[in-house]
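We've got the same protein chain twice here, in two forms, each standing alone as structure tokens: structure 1 and structure 2.
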Structure 1
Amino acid sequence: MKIAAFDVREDERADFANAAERTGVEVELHAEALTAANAELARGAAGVSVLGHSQLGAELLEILKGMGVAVAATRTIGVNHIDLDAAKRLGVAVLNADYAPNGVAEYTVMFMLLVLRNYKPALWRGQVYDFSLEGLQGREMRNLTVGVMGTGRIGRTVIRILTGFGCKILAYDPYPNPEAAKVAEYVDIDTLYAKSDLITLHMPLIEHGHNANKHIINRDSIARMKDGVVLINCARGELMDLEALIDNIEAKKIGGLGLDTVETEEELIHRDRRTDILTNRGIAYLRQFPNVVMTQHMAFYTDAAVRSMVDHSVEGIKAVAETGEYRTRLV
């Protein structure tokens, strides 16, 4: 059995080799994204493995189906780059990845501390031998109320970590979790906005339907928050309205941002753009504020998570090709 993997980073190659040996399949590795122009590289494969740079729309899925590719596995949790409706119509199975929530949860709490303790301006000063303290006074977590929006696996792990800091924890989720309710107080979203000193997002991006949450953080919702609120996003960039963030950082309504993901980031993340002319004015402008900490969509990026993402991709394609079933199958 052959699998064609695309968007392959150098750090994934050893994990792919180990997974291929363990499962007895052949895996062809391609650094480039999968597109209609290079889809021929997947001919003869039982399935393809991709990351988010590969946009699997209806046209590309139809090409793959015509070549006999029956499974598309993404080495990500999110699947917004795959047309699930088209995949279902064409009979192409879609799998996503799975990895422990600890890496993202720990990164989230790190972001909280970096913003609350003004680490970014402190780092800037230290690099030019300015060791002054003025303007760097921080806040202690034990004195704050933290609002957690979304109490799935990652949100619950964040809550568990936060219990060690002694802060008050509020939670919002359409589907409350009994375990989380033991240490966090579930409230409606308006109460969470009004009472939280710091708000962190841990929800999937849902663009349509009654639970749609694109731009759930917008001008209106920010207006209902405390002055000086700190916002953390290690989930999906489109959950936050970029222009609303900029306006409210300028107005000092938002006291700090910790962002591992931002809307419109697609052409920037996981690429070296040092010598390019960047046209993404929103991100370029937002990142220069001293109270905004931004990283390149890497909260997931640990040795354990990368290994799990690759393993699920290879194992899942093989399992679906042989039995039609795998625990992360979505379509």
Structure 2
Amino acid sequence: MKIAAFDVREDERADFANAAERTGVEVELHAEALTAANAELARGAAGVSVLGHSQLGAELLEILKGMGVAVAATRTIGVNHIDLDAAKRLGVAVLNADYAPNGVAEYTVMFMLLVLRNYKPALWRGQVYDFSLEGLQGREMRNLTVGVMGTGRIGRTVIRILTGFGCKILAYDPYPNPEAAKVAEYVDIDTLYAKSDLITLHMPLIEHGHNANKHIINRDSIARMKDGVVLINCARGELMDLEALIDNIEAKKIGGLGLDTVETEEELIHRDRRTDILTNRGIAYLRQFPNVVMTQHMAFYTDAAVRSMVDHSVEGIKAVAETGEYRTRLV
């Protein structure tokens, strides 16, 4: 059995080699994203393994299905780059990743502390031997109310870590979780906005349908938050309206941002763009503020998570091709 893997980074190659040996599957590795133009590379494969750079829309899924490639496994938890309705209609099975939530949760809490303790301007100053304190006074977690939006695997792990800090924890999720409810108070979204000093997002991006949540953080929702609110986004960039973030940082309504993911990041993340003329004014402008910490969508990026992402995509494609079943199968 053969699998074609796309978006493959150098650091994933050893894990793919190990997974191939363990499962007896032949894995062809491609650094480029899977597109309609290069889909021929997948011919003869039982399934394709991709990351978020590969946009699996209806047209590409149809080409894959036409070549007999009936399984698409994404090595990510988020699946907003895959047209699940089209996959269902075409009979292409889709699997996602289910690596442990700890890496993203720890990164989220790190962001909270970096922003609350003004780490970015402190780092800038230290580099030029400016060891002054003025303007760097921080806040202590125990005195804050933290609002967690989305209490799935990552949100719940964030809540568990936060209990050690002694802060008050509010939560909002259409499907409250009994374990989280023991330490966090579930409230409606307006109460979470009104009462939280710090808000962190942990829900999937849903672009269409009655659950759509693109730009759930927008001018209107920010206006309902506390002055000086700190926002953390280690989920998906499009959950927050980039222009609304910029305006509200300028107006000092938002007191700080920790963004591992930001709207319009797609052309930038995980690539070396140092010598390119970049035209993404929104990100360039937002990232220069001292109270905005931004990273390149790397909250997931730990040794354990990468190994799991690779292993499950190989094992999952093999299992679905042979039995039709795997625990991360979505459609």
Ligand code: NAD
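Note that the rigid core is defined as the largest set of C-alphas that superpose within 1.5 Å between two forms. For numbering, take structure 1's sequence and count from 1. Only residues modelled in both forms are compared. Given the structure is predicted, the values throughout are model-derived calculations rather than measurements.
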Check against labels, form predicted in complex with the named molecule ends up as structure 2
Is the shift of Gly209 between structures 1 and 2 large enough to count as movement, that is, does its C-alpha move by 2 Å or more after the core is superposed?
yes
Rigid core superposed, please list the runs of 3+ consecutive shared residues whose C-alphas all move by 2 Å or more between structures 1 and 2.
208-211
